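Below sits a lone chain in structure tokens, taken as the form predicted on its own.
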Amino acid sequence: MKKKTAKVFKTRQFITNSLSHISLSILGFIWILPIFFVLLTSFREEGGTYKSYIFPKGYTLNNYKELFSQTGSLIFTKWFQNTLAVAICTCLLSAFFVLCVAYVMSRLRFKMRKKLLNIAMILGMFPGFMAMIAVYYILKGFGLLEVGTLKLVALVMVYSAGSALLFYIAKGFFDTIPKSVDEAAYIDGATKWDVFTKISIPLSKPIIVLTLLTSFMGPWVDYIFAKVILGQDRAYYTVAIGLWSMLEPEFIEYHYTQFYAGCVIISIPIAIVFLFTQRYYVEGVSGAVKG
């Protein structure tokens, strides 16, 4: 009887594992199919837009060459430089804002602390684009939308200031650091700033990397806020707006395959950053969950 029960259990376990593997394989195929299509189209030799087949009849690198040799109003290299500059400035400022706010909310006790936490949580539930018109007129009132370079500065300000509301993950990580470490430093004569910069920050590499990574990715994929702030000045577009402009009716027939080449190019910086910071990313998320 026991052998029969064990055999039935093993059979059920085998069927369950097989179904799980099949389901994961199907989901993985569905997930990777669009990426595979983008790669194939970026190397497609035939011009034009829609084709009735997936695999190109010919392959070429000209789509990538033409992407970096564009002139006129569509200049991918300029868009790439704009986005890279905005992303770097944003991730540095965002990390500073998020870490400072998270540390204060985690370590300090003051009046209205819980109410501020609740307000930040409620505001974080609303999508950012709800305030984009108000943000637009505020920036316009300060004269930041008159010059192209200032528009990029305004974009950095919007991304960095908005990230401060997303401090809950960092706060959860700071909560996992024992307060006894801080108290020992205070006994030795350290100030709150010394504890923050010389003790808490060195112990918080995972959450710092997580903050830098998430804020670095934002400018590469954001379209709505960037479009509202940058307007019609194509020389100061980010890659998200610039690539979308390639799909406009007057450009799509010639730039369709170049659009896919651009999609592949902009994925490279994010992939490289993620590969080098993957370990810290996992530690940062797991540490925040524990908190």
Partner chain sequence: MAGKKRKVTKSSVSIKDGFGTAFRLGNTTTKLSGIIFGLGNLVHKQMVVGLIFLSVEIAYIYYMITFGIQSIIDFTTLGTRVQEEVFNEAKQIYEYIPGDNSMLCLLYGVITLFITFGFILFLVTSVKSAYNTQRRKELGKPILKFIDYLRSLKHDNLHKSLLFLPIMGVLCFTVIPLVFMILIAFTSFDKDHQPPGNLFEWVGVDNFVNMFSRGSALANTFWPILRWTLLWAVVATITCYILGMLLAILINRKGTRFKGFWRFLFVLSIAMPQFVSLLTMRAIFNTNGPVNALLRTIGLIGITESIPFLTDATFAKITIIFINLWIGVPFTMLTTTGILQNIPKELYEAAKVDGANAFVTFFKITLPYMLFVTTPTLITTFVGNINNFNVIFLLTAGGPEAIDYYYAGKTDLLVTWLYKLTITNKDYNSGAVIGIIVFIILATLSLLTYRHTGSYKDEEALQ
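Numbering follows the first chain given and starts at 1. Since the structure is predicted, the reported quantities are computational estimates derived from the model, not experimental observations. Rigid core: the largest C-alpha set superposing within 1.5 Å between the two forms.
Omitted from view is the form predicted in complex with its partner chain, to which the following refers.
Colleague: So in the predicted complex, does any heavy atom of A85 sit within 4.5 Å of its partner chain?
Modeller: Judged by the heavy-atom cut-off of 4.5 Å, A85 is well away from its partner chain in the predicted complex.
Colleague: Would you please decide whether T176 lies within 4.5 angstroms of its partner chain in the predicted complex, comparing each non-hydrogen atom pair?
Modeller: So T176 counts as contacting its partner chain.
Colleague: Indicate whether its partner chain has at least one heavy atom within 4.5 Å of a heavy atom of F97 in the predicted complex.
Modeller: Judged by the heavy-atom cut-off of 4.5 Å, F97 is in contact with its partner chain in the predicted complex.
Colleague: So in the predicted complex, does K111 come within 4.5 Å of its partner chain, heavy atom to heavy atom?
Modeller: It does: once its partner chain is placed as it appears in the predicted complex, K111 has a heavy atom within 4.5 Å of it.
Colleague: At a 4.5 angstroms cut-off on non-hydrogen atoms, which residues of 168-198 are near its partner chain in the predicted complex? List them in order.
Modeller: Read in sequence order, the residues that approach its partner chain (within 4.5 Å, in the predicted complex) are K171, D175, T176, I177, P178, K179, Y186, A190, T191, K192, W193, F196.
Colleague: Given a core-based superposition, decide whether the C-alpha of G141 shifts by 2 Å or more between this form and the one not shown.
Modeller: No: G141 shifts by under 2 Å between this form and the one not shown.
Colleague: Once everything's superposed on the core, is Y50 shifted 2 Å or more at the Cα between this form and the one not shown?
Modeller: False for Y50: its C-alpha shift is below 2 Å.
Colleague: State yes or no: after fitting on the rigid core, is the Cα displacement of P127 between this form and the one not shown at least 2 Å?
Modeller: Where the cores coincide, P127 still shows a C-alpha shift between this form and the one not shown that is 2 Å or more.
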